[in-house]
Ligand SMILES: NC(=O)c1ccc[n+]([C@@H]2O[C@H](COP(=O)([O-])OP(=O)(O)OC[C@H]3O[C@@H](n4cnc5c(N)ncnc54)[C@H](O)[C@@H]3O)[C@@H](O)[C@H]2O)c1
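Single chain ahead, by itself, as structure tokens, in the form predicted alone.
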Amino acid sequence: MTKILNKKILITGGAGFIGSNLCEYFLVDNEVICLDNFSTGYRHNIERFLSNSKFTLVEGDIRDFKTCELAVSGVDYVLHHAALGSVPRSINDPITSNEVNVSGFLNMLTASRNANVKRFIYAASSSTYGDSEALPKREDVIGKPLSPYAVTKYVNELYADVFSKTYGIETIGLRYFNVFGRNQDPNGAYAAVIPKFVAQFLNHESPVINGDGEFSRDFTYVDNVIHMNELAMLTENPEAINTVYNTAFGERTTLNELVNTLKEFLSAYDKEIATVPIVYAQNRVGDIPHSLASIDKAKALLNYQPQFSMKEGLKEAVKWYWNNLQEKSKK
């Protein structure tokens, strides 16, 4: 596959889960600037890059426009991943979510336009589909948002579209569907479901499923996301630019199927995990019942072919979590 080579790439939120994976991948053949304020990202995710002469850390907040201007100076591509994720977090604190996800996004977009960045690629979200019951989810059919977080991510798409039309900056939004993989934090109140379940199993604690476990998601391994970011940078097809794409594998898995697969894979490392029971609780406010992406548009316009199925990715993720746990226990 053709690769991005010898470019200067700014990755906002570069110390976070997806951002740090993007830093690691693109640093091999490019110069990478990481902008992060470490509110949800971690220094240990990027520590090994700090001695690399092609890596620059800008510690700062996207809510500060001068910081954004500093970070985009001389940059070819922006991969914008700085945001406050999590539906529950946005319900608990809608103001901060809006400040970071909307005002911060607008700062980055404006700074990128002023710096004549070639292309602004940003993390959009499947939460934009809101109350639309249509399956699979297609990019041109959305519903009403079900959370403040979903509102902020939809506003991002609207701003990107307006900036493309008004100022001519090239933008591509990637609607992520339940991404998982290495560097994803299992701790904290807003931890994603896969690392949280893994951590609970490893501690022989019962994972808690909200609802009856029949809600389903299009779980997407992080390497598929890296692949999509690179394709979005590479494309020169005018039809493929200034639009949004579902970024997923294109299959759905229920939470019951997920937890049983996790139990199976983790039991290979620790047999006691096979006996850990599952606990069921109330549904969460703002959660959509089912999510499944159509990836036809990405296949047609970007030549996207996801490289990891949910199970293949889960096997890799479980291996990473197990090895990471062993390393921590030795320290």
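Just so it is clear, the model here is predicted, and its values are computed rather than measured. One-based numbering along the sequence shown.
From this point on, the text means the form predicted in complex with the named molecule, which you will not see here.
J.: Is it the case that residue 32, even though its partner is missing from this view, gets within 4.5 Å of the named molecule in the predicted complex, heavy atoms only?
T.: Residue-level check for residue 32: no, no contact with the named molecule.
J.: Answer for residue 82 alone: is it within 4.5 Å of the named molecule in the predicted complex, judged on heavy atom distances?
T.: Yes, contact at 4.5 Å.
J.: With the partner left out of view, is residue 40 within 4.5 angstroms of the named molecule in the predicted complex by any non-hydrogen atom?
T.: Close contact exists here: in the predicted complex, residue 40 approaches the named molecule to within 4.5 Å, heavy atoms only.
J.: Although the named molecule is absent from this view, report whether residue 15 comes within 4.5 Å of it in the predicted complex, heavy atoms only.
T.: Close contact exists here: in the predicted complex, residue 15 approaches the named molecule to within 4.5 Å, heavy atoms only.
J.: Out of 224, 97, 216, 125, which one falls within 4.5 Å of the named molecule in the predicted complex, going by heavy atoms?
T.: Looking at the other structure, the residue within range turns out to be 125.
J.: I need to confirm a contact call. Of 197, 249, 245, 149, which residue comes within 4.5 Å of the named molecule in the predicted complex, counting heavy atoms only?
T.: The residue from 197, 249, 245, 149 that makes the contact is 149.
J.: From the candidate stretches 47 to 55, 60 to 68, 294 to 302, 268 to 276, select the single one in contact with the named molecule in the predicted complex, where contact means a heavy atom within 4.5 Å.
T.: Only one stretch passes the 4.5 Å heavy-atom test: 60 to 68.
J.: Who in 164 to 203 is close to the named molecule in the predicted complex, meaning a heavy atom within 4.5 Å?
T.: 176, 178, 179, 184, in sequence order.
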